[in-house]
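The chain below stands alone and is given as structure tokens, in the form predicted on its own.
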């Protein structure tokens, strides 16, 4: 069974390969998506190292002159896809969208370097200046006041498109009385009840229209745009990626880069404190226009361990909340707190489980010594695929596969988790997580969760 699933996962990556880049899934997403490609490289690395590197190199070929790596690169035209290059109006070559996505690439590159050989090191060295420029873009344009807390200008930039985190800020966005007719690809391919609703999509397009009208001036979009929130996913992914970029800078002996990255790292943890909510018992999204915090925890909240954020007391409270959340579902980790009224088990980022989030959550938990819960998250990720196949996301109560089938990053994560089966996985994570635990609040806090939350 395991061998057959692994082979099916490899077949999905090959089938979604478009020659140097991988589409997330055939009909639903016909272009190259940013963090999807980083995870695709992780999967390819388990059986084709050259193809893994080409995935990343092709992604960075779409990088803007200011350092941004956009969330979509439109390598080939597909007139049936909406919103396409004409809607974004970025004038990029190749055509791209106008904002970015969670910067996981440096973490994947470090992983390839530390599990590879001389060719991996050489290719990482060539890619390093591009990754450095991208991180610099995040810190300059999404944190112009150098607070250590980065913002996002669109829910799509978070990668967690319709999470309840964004509801209040999205409700303030005005849309034209007649926004214009358009046809969405996602609701043609997948059940509309599992996708963002129509008014949400109208508001997405209103944000895109603002960016297009100001020529995608990043400073203006951040300062004056209709949406600006701090996302725990982007914040913690960047925190982890900054440390991984530092490890690469040290390997390559790049002292100017080390000094620059050290400044970012010094601010990251302090900035993250603005996301802490005593009410929710964890790190949540913050509206940077109003200062309002989101009302409940999400799977992104659990990335605090992955990012190395928080005091010992904060991490202990987050772990306590995590134990209650996994008790309420059959499969960890739901994208929204099932104890909250906004939870929807089947609708996109409002409840379902995502393999890529689980990959990061499990690595963070293991790095801090919470091995039992990390194993639970890994096992559930593999079990949902074994039950339902390689879907885009999964119902946390039933394990049913939802969204697009034969999904690239689900297959990629499966291959990486399959390779890491066994007791040494968590040891590897603790040795390469890049977290100075002493500097992050002293002695690590452990809580035995075991499988006590596991439902039959």
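Computed from a predicted model, the values in this text were never measured in an experiment. Positions refer to the first chain, counted from 1.
This next part talks about the form predicted together with a small molecule, which is not shown.
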item	value
Heavy atom contact within 4.5 Å of the small molecule in the predicted bound form, the stretch among 397-405, 48-56, 24-32, 411-419	24-32
Partner-contacting position among 310, 95, 151, 159 - heavy atom within 4.5 Å of the small molecule in the predicted bound form	159
Among the candidates 101, 107, 345, 355, the residue which, in the predicted bound form, approaches the small molecule to within 4.5 Å (heavy atoms)	101
Contact flag, residue 349 vs the small molecule in the predicted bound form, heavy atom cut 4.5 Å	yes
